[in-house]
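Presented as structure tokens, the chain that follows is alone, the form predicted alone.
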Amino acid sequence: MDAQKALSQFGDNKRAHLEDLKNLVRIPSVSFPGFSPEEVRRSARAVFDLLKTSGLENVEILELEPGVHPYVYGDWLRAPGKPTLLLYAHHDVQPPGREALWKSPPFDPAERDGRLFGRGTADDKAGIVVHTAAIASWLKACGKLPLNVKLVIEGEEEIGSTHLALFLSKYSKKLQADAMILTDTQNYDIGLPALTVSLRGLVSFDLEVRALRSPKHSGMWGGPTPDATMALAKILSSMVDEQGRVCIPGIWDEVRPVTGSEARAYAELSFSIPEFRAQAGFLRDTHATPARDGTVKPLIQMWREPSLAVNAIEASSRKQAANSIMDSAWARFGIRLAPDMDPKRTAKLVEEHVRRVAPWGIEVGLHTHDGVGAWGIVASGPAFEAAMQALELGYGRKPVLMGCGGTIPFVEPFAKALGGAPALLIGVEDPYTNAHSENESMVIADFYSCIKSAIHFYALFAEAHRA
């Protein structure tokens, strides 16, 4: 009965919660170097205010050290003898990208065709509001929650949770819980909810090559003079084969083979290559990259195999492109790690390969960012059973279990800090969300369904824990 009261309260106020999300999206809280750190701090203050108005107590902005983007914390611990949930989301966002490609300004949220567009609408400011809306609905309808909650909102997830080890060493005791919910992943399809049970890892690199003391006229010097941009292109292309698969020597040695049970689970998911091409936005004649066995198996390739992506390249610029041989060139690239791949070993293999194949005696500088390993969990036990039931009640459809090719650095270290407490990964993204790209969006109806699922879960998990 209390859950129904909370659901009714939410139904009467769901547009107000959507406005909460829009207010957060309007703050350009890009955590990347070169963007204003004050905007991330302003975002933290806005999250602080939202947690307070939602009824959470002991709300505070958690500072680590000067220059580190802040976390925000709040809790409600008035249910003695009941389980405690740790709820997670992050308030920092990716850069807007190419603003000319946005159909509406990236930090001016816009509703179109049942979707809300804007940077951070899905990744991950919606995750914040899923938590605050569910909590506010319970507290306003019933005056209490059926369990205890602790809510932590991170400010540097999009830059790899750089100071996570410091955060855990300082605050892990404060955040102990029986289970945690991370609202930062994707549904399998629009209207089809999912629990994510595996994540790939990630190790990223900045590669700079230098060949000359300054750029040279390409007509007067072209031929015998080494071209740094071409050298960079040769190094990058050497790391994948002609089909686009990662081919750095030794990199596949640690990759755990797909098990029979995993293959059967993938086969049970509704999937087609044409649908995948449409979701990914392939141009008409673009071919999909095959898996290691030579066939196209997108789910296995995205969830269980390593991949390489070049995130940015800089030599000159389109605006200032001259007939010159550039003196230096830079690129950032990342390798997504499959289960059992060690980030440090992968980084060592990449460095050895880059220095081995660098042409013409050019200078090579390679900086490795802190890596994160892959993560996975067996979806069994009361928390998962309650989550699957809650998702079905919230969306009106049976949920599925799925993997994710992305990386959430917070998950594995925090699960260990909580002594192996189950981590439940849900979210409002869908295959058309365009997270990290232009025109990021989410389906508003799925946002509402996710909140309803959270309301159900609080009651179901409390009952399961009691039983």
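Everything numeric in this text was worked out from a predicted model, so none of it was measured. Each residue number is its position in the shown sequence, starting from 1.
Beyond what is shown, the protein has a form predicted together with a small molecule; the following relates to that form.
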| in the model of the complex, the one of 328, 301, 346, 185 near the small molecule [non-hydrogen atom within 4.5 angstroms] | 185
| If you check 422, 37, 406, 413 against the small molecule in the model of the complex, which one has a heavy atom within 4.5 Å? | 406
| query | So in the model of the complex, does residue 158 come within 4.5 Å of the small molecule, heavy atom to heavy atom? | reply | yes
| Is the gap between residue 202 and the small molecule in the model of the complex 4.5 Å or less for some heavy atom pair? | yes
| For residue 119, is any heavy atom within 4.5 Å of the small molecule in the model of the complex, or not? | no
| Is the gap between residue 336 and the small molecule in the model of the complex 4.5 Å or less for some heavy atom pair? | yes
| said: Just to confirm the contact call: exactly one of 185-193, 105-113, 354-362, 147-155 touches the small molecule in the model of the complex at a 4.5 Å heavy atom cutoff, so which is it? | reply: 185-193
